[in-house]
Every structure is written in structure tokens, then in C-alpha cells.
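One chain comes next, on its own, written as C-alpha cells: the form predicted on its own.
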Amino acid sequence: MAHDREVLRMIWEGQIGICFQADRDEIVGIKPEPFYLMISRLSYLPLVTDKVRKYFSRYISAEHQDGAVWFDFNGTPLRLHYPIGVLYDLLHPEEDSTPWCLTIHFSKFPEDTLVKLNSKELLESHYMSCLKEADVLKHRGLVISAMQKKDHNQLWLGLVNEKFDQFWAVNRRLMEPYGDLESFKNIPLRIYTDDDFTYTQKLISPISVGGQKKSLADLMAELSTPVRKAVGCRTHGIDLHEETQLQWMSEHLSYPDNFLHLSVDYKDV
């Protein structure tokens, strides 16, 4: 199980300062001041949409008031089902002290690019699907299937309300190897590259054929090809050391959906 509680707490408390601004083509009358929020890296944009919508709605034309809300950064639509920290690391790889400036839109939803998650219920359904997929990879689905509905609700409400103890009281069961095993069967992993906004998944065991615990260096070797070598890895804005064990990473650095979301840097061979 995840033993380094200080690490879990540090990851949980990670936040991003965001400056929201309105789409100038949707504004009626006076241009509103930007709206600033400190938002958890682990959260999702649909969970803060109500606050941002409420602030800007008085400045938006009546015809757009009930539109499906979406956000962009420098013209790039932001995927509503990605954790905010993942979006930030992909689009803002260089850390600085200035707020991340996003534009909120009330019209022209880009349906060819984004999944429409215009309610918390839809996001919750997506989140639970990810949890179940992760548990199939780790425990063949045996842990999540043994949980009750109230446990699922506690996980979701702990995430939504940013309650560390409430969330981890249940999530710790998902972060323990099953039975008398010492590791997960496979590591739930989503891999992103700087030149692509999508992710790939690869079946990765935390244990080598020889029975040794794999490190990040082993993972990067598996991700490399004869023409392209993986040379670096980030998550939660942190550059990871190549000696870090995959099992430890999965237990401590996974997002609440129980996946490791890794931004991988490559160089041509």
C-alpha cells in the first residue's frame, strides 16, 4: 500500500492558479474583468464550470446563456475529461509563477474535438469507468467489484469536495496489492507526448521477467523504439528520477482515477 503519506498529501494539495477570461465575441456591453481561481491539479474543468459560468453569464448575450461551456488555451480546446494537472503539464510544460490564462466559451462547442461533459453526472460516470479499468489492470477488477455503492460515492465526493481523508479511506484499498501479492498485476498508465494531445496505453508489469521490481528507466526502455528514445518523464509538474520504482509510482503518483498520467519526452536516435 501507499506508505508515504506526506507524498500523498503533497500530490493532493497541488494547485494551479488559473485566470479565466471571456470570449470577446460573446460579450455584450462592458468587457468583464478576468476571474481567478486556485484549482486542484487533480480536479476537472467541469467541476469548476458552475463558478466560472456564474461569474461571466451576466456579460454574455442571452442567446448563448444555455450553451454547452468549453475552454481553450491559446486556441487549443481543452479536453474536459482530462485532469486539470494533465492539461497544464501538456500545454504549459515550463513552470512559472504566472496564472494559466484560459478562455471560457458559451457557444460553438467543438464536437469534433471534445467529449461533451456538460454535467457532473456524466463526468462521474467517466471517472468511475476509469477506476474500474484501472482496477482490472491492477487486481483483475476484484477490489472495485467488492466495493459497495457507498464506497464509490465516497471516492467521488472526496474528489469533488477535495477531502483527502474521505477519499483515501476508500482509495487505499485500490492501492494495495491483492491478497498476498507484493505488486499489482499491471500498472494503469496513460502516456502523453509533447507533439500529441492524445494518450496511448501499454500493458506494463511492475515486475521484470527475472522477478525484479521495474524502475522508470525500465519503462522508458520499453517505450523507446529503434528510431526514438524516451529520455524523460513528468507527472504533477515533477521530473521523475529514472530509478523510481513503477510500483511506488503507481501507489503514490497516480491521479484519483488510479492511472499514472505521464508526459514522456523523446529524442531521435
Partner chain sequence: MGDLSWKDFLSQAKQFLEMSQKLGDNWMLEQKDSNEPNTYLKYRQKIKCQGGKDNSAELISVEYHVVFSVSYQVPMLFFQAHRSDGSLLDLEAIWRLFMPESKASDLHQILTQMDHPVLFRPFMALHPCRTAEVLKQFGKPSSNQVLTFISLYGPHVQLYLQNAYGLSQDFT
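Numbering follows the first chain given and starts at 1. It should be emphasised that the depicted structure is a prediction, and the values quoted were computed from it without experimental measurement.
Form predicted in complex with its partner chain: not shown, discussed below.
This chain is displayed without its partner chain, yet in the predicted bound form the stretch 198-206 from 30-38, 198-206, 236-244, 44-52 comes within 4.5 Å of it by heavy atoms. Site residues 116, 125 and 132 are all in contact with its partner chain in the predicted bound form, judged by any heavy atom within 4.5 Å.
Using a 4.5 Å cutoff between non-hydrogen atoms, residue 165 does not count as a contact of its partner chain in the predicted bound form. Using a 4.5 angstroms threshold between heavy atoms, residue 111 counts as touching its partner chain in the predicted bound form. For the chain shown alone, residue 180 is not a contact residue for its partner chain in the predicted bound form, no non-hydrogen atom being within 4.5 angstroms.
Although the partner is absent here, residue 79 sits close enough that one of its heavy atoms falls within 4.5 Å of its partner chain in the predicted bound form. Checked against its partner chain in the predicted bound form, the candidates 104, 143, 137, 160 yield a single residue with a heavy atom inside 4.5 Å, and that residue is 137. Contacts to its partner chain in the predicted bound form (heavy atom within 4.5 Å) from stretch 141-158: none.
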